[in-house]
Each structure stands twice: as C-alpha cells, then as structure tokens.
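First, one chain by itself: the form predicted alone, in structure tokens.
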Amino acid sequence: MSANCLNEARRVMTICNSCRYCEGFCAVFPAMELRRTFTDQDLKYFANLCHNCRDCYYACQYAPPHTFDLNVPKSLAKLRLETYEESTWPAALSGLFRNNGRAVLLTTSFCVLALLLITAAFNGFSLPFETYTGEDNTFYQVLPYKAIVSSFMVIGLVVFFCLMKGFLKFWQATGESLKDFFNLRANITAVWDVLRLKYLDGGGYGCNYPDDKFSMIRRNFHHGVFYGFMLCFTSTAVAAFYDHFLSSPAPYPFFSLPVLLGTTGGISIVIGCGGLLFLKEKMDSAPADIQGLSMDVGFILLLFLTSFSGLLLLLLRATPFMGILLIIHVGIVAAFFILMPYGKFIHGFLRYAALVKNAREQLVNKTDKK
C-alpha cells in the first residue's frame, strides 16, 4: 500500500472534517464525522464506501485551483484501486488490476480460441458451422455437456474461493473481526442500500456525472446493469433446473422462462453497459483516477460482450452461425468468470463490506446518542 496515497487521503479527510459542507451527499462524510483522526484502516473503509458520485468535488470551495487542492473523488479512487490490489488472492496476480484492459483482451481471446481448438480437435472444424434443427438441436452437440459442467464447476469454485479470500482480507484491513460482519440489522440495511443504489443519488439530486450537472442517468444505467445481471443469473439457475430435474436441455423456446429472463436481463445489461461506456467517454477527467480507467472500461466492455453475444446466439441459433456463436459466447463467459477476482467486479464485494460496516457504525452511534 502506497504511503503517499494514504497520506493524501488522510490530508483530504482532515480538511473535510473541519468543513463538513458535503455531509449530505453520501455515506463517507457522516462516517468521517464519527472520527477526529484517521487510521489507515479508516481510509481504506472510506475509499470503498465512496460511490464516486463526484458531488463533493463540484461543491467544494477548496477544490482545484484552490491552494488546498482538495479532490476527494480522485484521492479515494486511487486508494480504492490499491485496496483492490491489497485484497487480491493470490497476491501475485494483483498487477492485473492496473493492466486490466490487456488482461481482458488476452484472457477472452485465449478462452475463445481454446474452445474452438478443442471442439475442432474432437469433432472437426466444420462442426461449429453446421445447422442444427429438430429434436437434436442442442448446444451439447457443439460443446459436450460434461465438459461444460465440469469446467465451469472448477472455475466457479476457484473464483468463489478467491473472491471470499479477497473479501476477508479487506474486511480485516478495515479493522473488523469476522464476527462483526454477522450483524443482521447492519446487513439488512446494507442490502437495502445496494438494491436502491442509494449512494448514487448524491443526496437525492443525482451524481455530478459526467459533468457538473446533477443527473440520475449514471444511477439508472447502473440499475440496468445490476438488475440485468440478476435476471441473467436467475435465468441460468432456472435453465439448470430444467436441464437437471426436467430433463429438458437448452436451447429453449423463446417464450420459456429461462429465455424470457435471460433476454430481458441481457438487453438491460447491453443498454446499461453501453450507457456507462458513453458516460466514461464524456466524463470530466479532473476528479478521475486515470490509472483505474482501463479496469473500469475493461469490466464494462466484457460484461457488454457477454450479454451481446448471448443475445446474438439467441437470434441466430437456428442458423449455421449457432456453433461458432456458442463457442464465442461461452468463451467470453469463461473469461468473465476467471477475471472476477482481478477486475472491477470485486468492487461489489468490498463496497458491500463497507456498507455493512457503515450501517453497523450508524446503528451504534444512534444507540449511544439515546
């Protein structure tokens, strides 16, 4: 962890704690006001409690070009990136966060190419380009069932373990013990905050994003991505139930539950990710951490491609393109899973931890005031 990064965040928070003009914008400032001094643990917690709404930057009388040079979003974004790296397991892969664009490109290309070569080795290069119709029209003709299930089970278990290790490392880095996390009221509050994306509303008026005007557009696009992802996850769970318990393998009719859920979720993700990429292009770079930009863009683009390739597969599944599109889609999905612990996806876990800590602190503070 960089001492310069921590010292700058501490300097910024110390000045902000004397001013307190921005206390209504997000959870960072009320959490800050509970302290007179700031430990490294506090600052790592603040960095992940920040949702980068940027309202404080444009409201601050001490922002550049003032000599105090306060830039809360940028200083916390820099520290946030370092907490991702610090929480990485195994630690040797922490460099992927700063080279995430390259990691996304190489991992996705490798997964797609590997699937194509494996399929060709066992079934010939013509198989992915054949048209599949009738009762035998299943994805498993292209990619064997056992190969898909076993591969994704292994990837899923490894990724889940890495994510949990990262989560625990961050939770301990904020000065909390594991038992502190299991506070029911704090978790209920944190879940409610997540479902509403509460701290993307900038105190009720929206983010100053992509510029100094208040807007809910970033929050709306995030909602599209978040709930689209949840719909796609539900679609996959329902499809697994159909396959394993009803003996009905994919692909399914368009008006079946898995397809309707997946299509709705996929469209929502494509719109949300497309909107977020557009906002990234238009945003004011002054309050941004440019080093973390490739990580943000890489994650959004990979999630966009995951959904877009799935929608394209749905539209063209009865054509000679079904096989190659299936290989591309599964390859992109595999890359997305593999990179979960080493890209922006991890922010959901660390931010949730920060929200739980914040909810618990606020509950204790209310009790103490009584």
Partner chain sequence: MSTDNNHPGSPSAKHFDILVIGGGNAALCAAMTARESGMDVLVLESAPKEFRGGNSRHTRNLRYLHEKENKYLTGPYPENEFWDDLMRVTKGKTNEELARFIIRESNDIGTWMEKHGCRFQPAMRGTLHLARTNAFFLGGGKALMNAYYAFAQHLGIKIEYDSEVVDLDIQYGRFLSANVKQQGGIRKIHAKSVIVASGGFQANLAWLKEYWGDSADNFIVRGTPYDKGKVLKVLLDNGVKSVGDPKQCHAVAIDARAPKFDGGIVTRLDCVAFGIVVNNQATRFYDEGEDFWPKRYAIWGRLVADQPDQIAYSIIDSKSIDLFMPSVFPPVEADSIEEMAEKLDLDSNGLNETINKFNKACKPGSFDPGELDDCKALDIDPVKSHWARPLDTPPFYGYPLKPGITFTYLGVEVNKKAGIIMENNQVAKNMFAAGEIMSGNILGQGYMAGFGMTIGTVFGRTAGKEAARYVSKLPE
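No experiment lies behind these values; they were computed from the predicted model shown. Residue numbers count along the first chain shown, from 1.
Same protein, other form: the form predicted together with its partner chain, not shown, and the subject of what follows.
- The stretch in contact with its partner chain in the predicted bound form, judged by heavy atoms within 4.5 Å, is 28 to 36, chosen from 338 to 346, 43 to 51, 303 to 311, 28 to 36.
- The single contact residue among F229, F152, F181, F214, judged by any heavy atom lying within 4.5 Å of its partner chain in the predicted bound form, is F214.
- Among residues of the shown chain, F321 is not one whose heavy atoms approach its partner chain to within 4.5 Å in the predicted bound form.
- By the criterion of a heavy atom within 4.5 Å, G262 is excluded from the residues contacting its partner chain in the predicted bound form.
- A residue is said to contact a partner when one of its heavy atoms sits within 4.5 Å of a partner heavy atom; P73 fails this definition for its partner chain in the predicted bound form, lying far away.
- Among residues of the shown chain, G272 is not one whose heavy atoms approach its partner chain to within 4.5 Å in the predicted bound form.
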